[in-house]
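As structure tokens, one chain now follows by itself in the form predicted alone.
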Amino acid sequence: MPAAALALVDRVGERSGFVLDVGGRIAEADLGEEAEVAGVKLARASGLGIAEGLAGSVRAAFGEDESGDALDDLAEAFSDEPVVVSIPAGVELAHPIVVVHLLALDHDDPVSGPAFFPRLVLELGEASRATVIELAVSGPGAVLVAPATELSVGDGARLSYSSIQQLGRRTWQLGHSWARAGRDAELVSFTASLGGEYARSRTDSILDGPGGAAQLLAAFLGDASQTHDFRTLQEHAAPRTTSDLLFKGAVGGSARSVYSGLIRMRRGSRGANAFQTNRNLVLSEGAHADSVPNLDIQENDVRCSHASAVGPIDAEQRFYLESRGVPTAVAERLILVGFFTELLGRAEPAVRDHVVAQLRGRLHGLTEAGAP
């Protein structure tokens, strides 16, 4: 496996399950003894029918307008071997399930193909608990990656899901994930977008049971000519539900970031609370960030708030460090790491450590002060 994948697997340590997808085909799929005894199901190609059933139930919760588009249909049609994980009611997994996608690592491989459609379908039964970590790595070739993820969190269940993409610099990603959480369920979703030439990630979440809660978190870092494009939907379809979105990122060089988010309060969502925050650091004159939060409120007695910010590194913070003998480039890197600290503190420890290591490795030269 590439160094990035090995580093993450090592940081996770003991696992309840492991799936290795190489070039769109599942090369390894194993469950730990704990998970196997508990009745956790891990399906491969033979589970396609299962995948369709679970995915259909997740997407149906959004209605026809948000159930998918032509690209989603294409991804569904060309997904060779979806990864399907089903966790029975009442099961609590002590360790994460790790899914690794290795895509087009060798650009000279004639069977690699120009496009990949990795797919994960995950179902948690009532009152279950699980952590799932997914990583995608691609090589130097020019390819398209269109991942699709469907997450269903049953009543009273809790899912911590992390997605890390470290795709090659000539890769285009057009990803879509759907997530639903039932009565008193909790979803924590963390996304780290680090690679790709153009990386689009669309995240649709719906709380369709009273008392359900979702945390939607994302960190991204862009340099050179990268583009990170995030589109989110926080849909509240039941009373007393809570969603909290925090997306933070930095762009340097001539990179660009785009965030567009919608909070929708459906009729029947009385007593719901939704928060949406997007903060962006622009590290050089050639970089650019756009942030567009939106609200659609169809019910009374709800609370919504959104905030967005785009700006450079705080000059006073930099001056404070410089006045104590810290070189400008080092000061800016310290401020950048601190900028992500709040967000990464809410991620799984292994994921946090992995992302911090990747950020530190790329910060030199990202700012104007650090540029050669």
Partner chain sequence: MTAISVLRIEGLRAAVGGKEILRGIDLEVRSGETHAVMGPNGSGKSTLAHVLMGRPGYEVLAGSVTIDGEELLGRPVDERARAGLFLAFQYPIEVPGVPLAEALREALAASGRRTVDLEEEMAGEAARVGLVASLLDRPLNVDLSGGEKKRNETLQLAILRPRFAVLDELDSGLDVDALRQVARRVEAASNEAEPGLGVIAITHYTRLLEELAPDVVHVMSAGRIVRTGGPELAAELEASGYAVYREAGPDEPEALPAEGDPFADPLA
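Numbering follows the first chain given and starts at 1. Keep in mind that what you see is a predicted model, and the values were worked out from it rather than measured.
As for the form predicted together with its partner chain, it is not shown, yet the points below apply to it.
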| item | value |
| --- | --- |
| Non-hydrogen atom within 4.5 Å of its partner chain in the model of the complex for each of 102, 119 and 141 | no |
| Option from 202-210, 278-286, 165-173, 178-186 whose residues, in the model of the complex, bring a heavy atom within 4.5 Å of its partner chain | 278-286 |
| Of 38, 29, 321, 61, the one that lies within 4.5 Å of its partner chain in the model of the complex (heavy atoms) | 321 |
| Contact label in the model of the complex: residue 325 to its partner chain, heavy atom within 4.5 Å | yes |
| Its partner chain contact in the model of the complex: residue 317, any heavy atom under 4.5 Å | yes |
| 4.5 Å heavy atom contact, residue 57 to its partner chain in the model of the complex | no |
| Contact flag, residue 360 vs its partner chain in the model of the complex, heavy atom cut 4.5 Å | yes |
| Sequence-ordered residues of 326-360 touching its partner chain in the model of the complex, heavy atom within 4.5 Å | 326, 327, 328, 330, 333, 334, 335, 338, 339, 341, 360 |
